[in-house]
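Let's start with one chain on its own, the form predicted on its own, as structure tokens.
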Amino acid sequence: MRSSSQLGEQSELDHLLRRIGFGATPAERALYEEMSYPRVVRALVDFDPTDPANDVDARIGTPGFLGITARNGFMPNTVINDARQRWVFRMVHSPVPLQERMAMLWHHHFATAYSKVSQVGGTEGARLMAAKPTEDTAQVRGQIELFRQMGLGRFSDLLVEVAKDPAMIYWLDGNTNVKARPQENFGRELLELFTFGVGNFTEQDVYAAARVFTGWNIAQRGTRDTPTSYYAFNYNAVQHDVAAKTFSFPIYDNGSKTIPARDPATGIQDGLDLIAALAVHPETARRMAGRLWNWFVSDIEVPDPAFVSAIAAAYLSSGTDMRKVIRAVVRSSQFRDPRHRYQRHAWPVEYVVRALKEVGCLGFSANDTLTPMLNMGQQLFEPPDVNGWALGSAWFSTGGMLARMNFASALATNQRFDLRTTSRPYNQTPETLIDYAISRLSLPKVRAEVYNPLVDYVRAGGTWTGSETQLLNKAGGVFHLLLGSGEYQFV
């Protein structure tokens, strides 16, 4: 347990671990406590996404880790609930949690829902959303795997791959985007949601963007209905509108606002030119900086103009390199300001994964998190619409809070024997037990109106002696009540 002299330094570490990842297990926290802040930042941010040591999937189903529930064999490439379990497992156990956090943030930013993508047929929807290429007969890379691999690369490159992503194309009806009937959905969301946002484009820009992406379709490869058959991006040259497209904003460095006419064979360059222009537009930089404020600093306070300017500058000067941008975020004075600790409402997935890491998860199944998260208002692979999830206080409906309390009860009950064991060194008084739980859960100072009833709860039932029976009966209850407290709903 942390001493009073350690609270300041370690609370900054806890803050970093909650924001970069999803909190930390006691063992992970002990490892990072031996490092300086800059060294922890390097360890969490400067990882190699291709390093096999960072891939935890091989541990799924092995003793000592969060369990999974497989009904007919574990098939996360083709069964969407198995894919959801895989993702929860990775969030809990990945040694590079920023990779999973960025995948989650891009899943919200480039919101795509399985319920529609699954209509492409059979198990292909789960495959397009979640497949891991090393486990797929045709090396299909699902959208979430794309976010894992490229989430900390150049945003401009990620935009290109998202535009070619079969799940995104199907989600936004790009498979019907042909020159005779330009389909506006992707072009509109590219301008409105993915890059510089409302107020920076016209309806004529939307129509021009639709024409830019005519022919950016999908096609089935291989023999239909066989394991090696799959859907892939297909630039259909004969369906591309080859005429010039003019926008209300510059596309090229010379100030030209017109993408020139091209022959069908080279028409794919239209989309690449538009994406390149949008990725480095100053308003895109500012909008991304504002989103990063909400995602990493605070969704309660409005973005600090100084932060927005600094992060937008880092974004542009780095050539949209998101790793460098995230490094600038976590090194910023605003991120490190103690006032911004616990200034973000925990998303349901953040709440659940943090609880599993901080309380424990042995003997618990990732499958047991899926319905609770749904009841809290979030289902992985199923954002409600193109805007992603409504964030902040919108998570905290009456039903959502009840679901959090119920999950806290289920987890604490499941972990009660381990909690008894780990609580033994702190059994001297009700207060030492409660202080241990507060420290382990990386909570801020708990208000008296929460703390005092906890003391009464531990004392109820007889004189406190710290016996094994009392610890078994009370330690889990203390963790349950703290997980349901107002303090634990913020990260």
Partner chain sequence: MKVTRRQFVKGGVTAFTVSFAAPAFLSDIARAQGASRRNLVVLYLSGGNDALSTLIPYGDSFYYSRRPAIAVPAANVLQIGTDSSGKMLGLHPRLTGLRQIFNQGKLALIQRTGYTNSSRSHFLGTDIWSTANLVNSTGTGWLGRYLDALPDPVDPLVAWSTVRELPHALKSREVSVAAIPSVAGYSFLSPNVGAEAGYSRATMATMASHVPVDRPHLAFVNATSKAALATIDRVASVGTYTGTVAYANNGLAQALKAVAGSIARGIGTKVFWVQLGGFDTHAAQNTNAANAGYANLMGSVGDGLLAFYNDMRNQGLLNDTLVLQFSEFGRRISENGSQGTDHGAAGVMMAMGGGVQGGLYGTAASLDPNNVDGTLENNGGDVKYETDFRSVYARVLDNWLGTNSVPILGGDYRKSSLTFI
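Definition used throughout: the rigid core is the maximal C-alpha set that superposes within 1.5 Å between two forms. Because the structure is a prediction, the values reported are computed rather than measured. Positions refer to the first chain, counted from 1.
The same protein also exists as the form predicted in complex with its partner chain; that form is not shown, yet it is the one meant from here on.
Stretch-level contact check against its partner chain in the model of the complex with heavy atoms at 4.5 Å: of 262 to 270, 133 to 141, 73 to 81, 395 to 403, the positive one is 395 to 403. This chain is drawn without its partner chain; in the model of the complex, the residue among Ser229, Thr176, Ser115, Asn294 with a heavy atom within 4.5 Å of it is Thr176. Exactly one listed residue, out of His340, His345, His93, Arg323, brings a non-hydrogen atom to within 4.5 Å of its partner chain in the model of the complex: His345. In the model of the complex, its partner chain sits beyond 4.5 Å of every heavy atom of Arg224. Although the partner is absent here, Val330 sits far enough away that none of its heavy atoms falls within 4.5 Å of its partner chain in the model of the complex.
Looking at Glu145, you'd find every heavy atom of it more than 4.5 angstroms from its partner chain in the model of the complex. Taking non-hydrogen atoms only, Val198 approaches its partner chain to within 4.5 angstroms in the model of the complex. Using a 4.5 Å cut-off to its partner chain in the model of the complex, each of Asn185, Arg188 and Glu203 places a heavy atom inside that distance.
Scanning 23 to 52 for heavy atoms within 4.5 Å of its partner chain in the model of the complex gives no residues at all. Relative to the superposed rigid core, Thr62 undergoes a CA displacement smaller than 2 Å between the shown form and the other one. Once both forms are overlaid on the rigid core, the distance between the two CA positions of Thr463 between the shown form and the other one is 2 angstroms or more.
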